[in-house]
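Below, in structure tokens: the form predicted on its own, a single chain.
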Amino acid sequence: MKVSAIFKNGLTVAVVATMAAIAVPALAWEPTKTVEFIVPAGSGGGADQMARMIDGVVKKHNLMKAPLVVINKSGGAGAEGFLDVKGAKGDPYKIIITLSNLFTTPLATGVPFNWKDLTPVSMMALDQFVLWVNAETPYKNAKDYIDAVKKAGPLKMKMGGTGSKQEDQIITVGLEKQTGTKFIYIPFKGGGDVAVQLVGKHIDSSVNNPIEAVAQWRAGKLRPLCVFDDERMPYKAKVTDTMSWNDIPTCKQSGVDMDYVMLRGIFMAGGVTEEQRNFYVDLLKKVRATPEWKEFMEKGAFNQTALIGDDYKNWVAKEEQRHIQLMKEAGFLAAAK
């Protein structure tokens, strides 16, 4: 009797345990301590603003239990931030927002970093570039301004931009080649600084992203001349009393045959698990679904292309090759590629 009872009870316990295992699946991975959100650029620029926007949305909607903290690491044209995350291989508590310095910084400096050292998570959007001048100048369109630059002569007009041998200077060189002009290029730490310098008339123009200059445009301090894309921006709500983003002509429509859009994407350190990556893919999908994100996209006139998985990885690989060619043509490569 005792033996039968022990066997029966043991069997019952085993069955209950098995049923419990089936009924309660293992919990998916999620952060249990502070996640560092690295910005490889200065404060006030487009990457910084997007990172802080994401942080704000995550907190407002309680999308993540663990804290998220934004940290700027702009040294060496963003190399400081990239090397920090590269050195955190296998650490799921670091994510980084990237712009095109993901390609330009290692190509220009030779710093030992490549995007393949990271784990692609999600393309959040693509960012535009606009040719801006001070609103008190007489230039009403890109042709007016380019004509003035030509009349002034080589190295007389100042173009401000974020960093050296980065996106803004690549566009400046392209503009010079297309128009036969030559600017004095002056680098600053971030797009916010560039906008302030243009308002103060310390530079003559910039190619800032929309979100980096929209406040000054709305305030009547800056004037957009053209957007470096194949098509006009789709946003038709008025930003000023008279103009929307859609009212800004493309640079091609203005006689400058060039275009350039920039990545706004999220990566993790290399060597993380698929489960860990999936947590952030899902988190960012939730962010993009919020009304705050939709408003942010329109305010900054973003191209709302979003990619994940192999589509994102393949896009990045293709864009790397394009930047190698652009950097080579501009003479910005640290070594022959």
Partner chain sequence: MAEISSLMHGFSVALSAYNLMLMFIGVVLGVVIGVLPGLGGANGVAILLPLTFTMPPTSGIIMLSCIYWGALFGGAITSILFNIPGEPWSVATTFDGYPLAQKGRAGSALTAAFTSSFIGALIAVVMITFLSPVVASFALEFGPPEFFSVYLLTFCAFVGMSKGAAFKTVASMMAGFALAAVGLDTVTGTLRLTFGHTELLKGFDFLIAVIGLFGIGEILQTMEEGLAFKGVQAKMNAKVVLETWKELPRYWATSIRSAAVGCFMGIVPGGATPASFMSYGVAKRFSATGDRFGTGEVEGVVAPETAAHAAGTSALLPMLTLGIPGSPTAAVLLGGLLIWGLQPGPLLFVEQKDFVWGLIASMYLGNIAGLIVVLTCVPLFAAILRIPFSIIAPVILVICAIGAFTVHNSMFDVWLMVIFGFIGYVFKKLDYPLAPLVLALVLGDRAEDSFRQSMLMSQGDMRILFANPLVGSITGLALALLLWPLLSALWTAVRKSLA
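Under this definition, the rigid core comprises the largest set of C-alpha atoms superposing within 1.5 Å between the forms. Numbering follows the first chain given and starts at 1. As the structure is a computational prediction, the values presented were derived from the model and not from experiment.
Below, we refer to the form predicted together with its partner chain, which is not included among the displayed structures.
A79 versus its partner chain, in the model of the complex: is there a non-hydrogen atom within 4.5 Å?
Result yes; A79 sits at the interface with its partner chain in the model of the complex.
Is V256 one of the residues lying within 4.5 Å of its partner chain in the model of the complex, judged by heavy atom distances?
Contact check for V256: no, nothing within 4.5 Å of its partner chain in the model of the complex.
Does the 4.5 Å heavy atom contact test between V173 and its partner chain in the model of the complex come out positive?
No, V173 is distant from the partner.
Its partner chain contact at G75 in the model of the complex, heavy atom, 4.5 Å:
G75: yes, in contact with its partner chain in the model of the complex.
In terms of non-hydrogen atoms within 4.5 angstroms, which of the given stretches 258-266, 125-133, 229-237, 79-87 touches its partner chain in the model of the complex?
Heavy-atom contact with the partner occurs in 79-87.
Of K177, K140, H202, K150, which one comes within 4.5 Å of its partner chain in the model of the complex, counting heavy atoms only?
Exactly one listed residue reaches within 4.5 Å, namely H202.
Tell me, out of M53, V281, L307, L63, which residue has a non-hydrogen atom within 4.5 angstroms of its partner chain in the model of the complex.
In short, M53.
Quick one: which residues from 189-218 get a non-hydrogen atom within 4.5 Å of its partner chain in the model of the complex?
In sequence order, K189, G192, D193, V196, Q197, V199, G200, H202, I211, V214, A215, Q216, R218 come within 4.5 Å of the partner.
Is the C-alpha displacement of T109 equal to or greater than 2 Å between the shown form and the other one once the rigid core has been superposed?
No, its C-alpha moves less than 2 Å.
After a rigid core superposition, would you say the CA of M233 moves by 2 angstroms or more between the shown form and the other one, or not?
Where the cores coincide, M233 shows only a C-alpha shift between the shown form and the other one that is less than 2 Å.
Has the Cα of K89 moved 2 Å or more between the shown form and the other one, judged after a core fit?
After core superposition, the displacement of the K89 C-alpha between the shown form and the other one stays below 2 Å, so no.
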